[in-house]
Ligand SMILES: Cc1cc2nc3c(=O)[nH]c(=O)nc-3n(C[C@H](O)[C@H](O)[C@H](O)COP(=O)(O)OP(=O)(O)OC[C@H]3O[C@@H](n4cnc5c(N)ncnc54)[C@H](O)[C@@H]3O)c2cc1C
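The form predicted alone is given below as one chain in structure tokens.
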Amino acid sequence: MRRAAERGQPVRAVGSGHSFTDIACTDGVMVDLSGMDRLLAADPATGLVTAEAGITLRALGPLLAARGLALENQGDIDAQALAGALATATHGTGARFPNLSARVVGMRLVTAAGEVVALSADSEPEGLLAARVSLGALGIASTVTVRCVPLYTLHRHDDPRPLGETLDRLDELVDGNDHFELFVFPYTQTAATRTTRRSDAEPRPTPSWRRRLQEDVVENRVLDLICRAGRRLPRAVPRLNRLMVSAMSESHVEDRAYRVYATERKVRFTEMEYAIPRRHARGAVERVLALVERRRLPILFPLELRFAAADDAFLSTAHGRETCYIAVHQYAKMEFESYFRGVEAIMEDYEGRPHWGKRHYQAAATLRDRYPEWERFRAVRARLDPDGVFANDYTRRVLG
């Protein structure tokens, strides 16, 4: 950092490269933290864990399990570096659980001047509330301290259900389960639901060959073949989606949490995700499905709905409100902008906040009113990076 400052170069940190945006790109110095991947401390009595910022969620899970600990919640991708997942407000699902960054209690940040600042609720409360979801605009996180929970088992039940019935019972399903999410393929009337409960029971994992068959063959290879067919024959997409839905069946998984949350995704796609107030979930989903059918868009991936509790990080997508996350996808090398812009227009009616690491077309002028603590974040940024060393095209676009 000091050498970059002496040369007057901008700096960006890069994690695992999972983001769909240009958030980590720079024409200056790119700092790769993948070598900083150690678990430094873990206290089962307090649940406090300190890790270097470059460790991936995939690597962190088994290290925590060996010490009788686990992350409170997690998303369905575990390839991200810890710092990158925090900086973009990565989340899982579960109405009682906030996103990952809400459990950060401390952070060491290397500033533009090459100095190390320790952030905590006691020493730097404003700095910590800004740095928990920072877009990498405040400095480079070197270590992170997270409050974890005792190791637990997840019992996951995947079940295709009629879409109308599922939407009618949406609040019941969200509030009645530890974790709930659903997937809806356009041009169909079926919701692939996923309900998950937590327990202290010993796990009974699915045999590895059976799980590989389900995830590698059915969820990846078959999906990829159908998507390839849809890319060649766009008019066949509605029939192909109905074919995929007809092949769905009920299934159960029971294992330690870090093995259940994440699923392997080998089919290439691009994605947009919006956070909206939970009460608007049904209306937003129905409008997106109607948009696809009205415009006859060749969308081969499902809409995904997940839920999260409110939190208080300044730029958290769930700041101050119970949140429904709606994600839309498009298969690789297929036109996506018309679909994504149409979805974005719908989400704007609900004061939607775009996922910081996924595609969107917003700018600071359209975003600032959606974050009540926008100016408090700007004040911390002006203090920690007064010369804009950590700025790039993305941060200038979305933060000003």
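The shown structure was predicted, so the numbers you read here are calculated from the model rather than taken from an experiment. Heads up: residue numbers just count along the shown sequence, starting at 1.
Unshown form predicted in complex with this ligand; subsequent notes refer to it.
(message) With a cut-off of 4.5 Å between heavy atoms, is His355 one of the residues that contacts this ligand in the predicted complex?
(response) Residue-level check for His355: yes, a contact with this ligand.
(message) When the contact criterion is heavy atoms within 4.5 Å, does Val117 count as touching this ligand in the predicted complex?
(response) No, Val117 sits far enough from this ligand in the predicted complex that none of its heavy atoms falls within 4.5 Å.
(message) Would you classify Leu135 as touching this ligand in the predicted complex, given a 4.5 Å non-hydrogen atom cut-off?
(response) Yes, Leu135 is a contact residue.
(message) Does any part of Arg381 reach within 4.5 Å of this ligand in the predicted complex? Heavy atoms only, please.
(response) Because no heavy atom of Arg381 falls inside 4.5 Å of this ligand in the predicted complex, the answer is no.
(message) So this ligand isn't shown here. In the predicted complex, which residue out of Ala51, Leu367, Ile346, Leu33 has a non-hydrogen atom within 4.5 Å of it?
(response) Exactly one residue meets the criterion: Leu33.
(request) Just one of 90 to 98, 209 to 217, 192 to 200, 285 to 293 has residues with a heavy atom within 4.5 Å of this ligand in the predicted complex, so point it out. (result) Among the listed stretches, the partner-contacting one is 90 to 98.
(message) Is it true that Thr153, Ser251 and Glu254, all three, sit within 4.5 Å of this ligand in the predicted complex, judged by heavy atoms?
(response) Checked in the predicted complex: no contact with this ligand for any of the three.
(request) Pull the contact list for 20 to 50: residues with a heavy atom within 4.5 Å of this ligand in the predicted complex, in sequence order. (result) Read in sequence order, the residues that approach this ligand (within 4.5 Å, in the predicted complex) are Phe20, Ile23, Ala24, Leu33.
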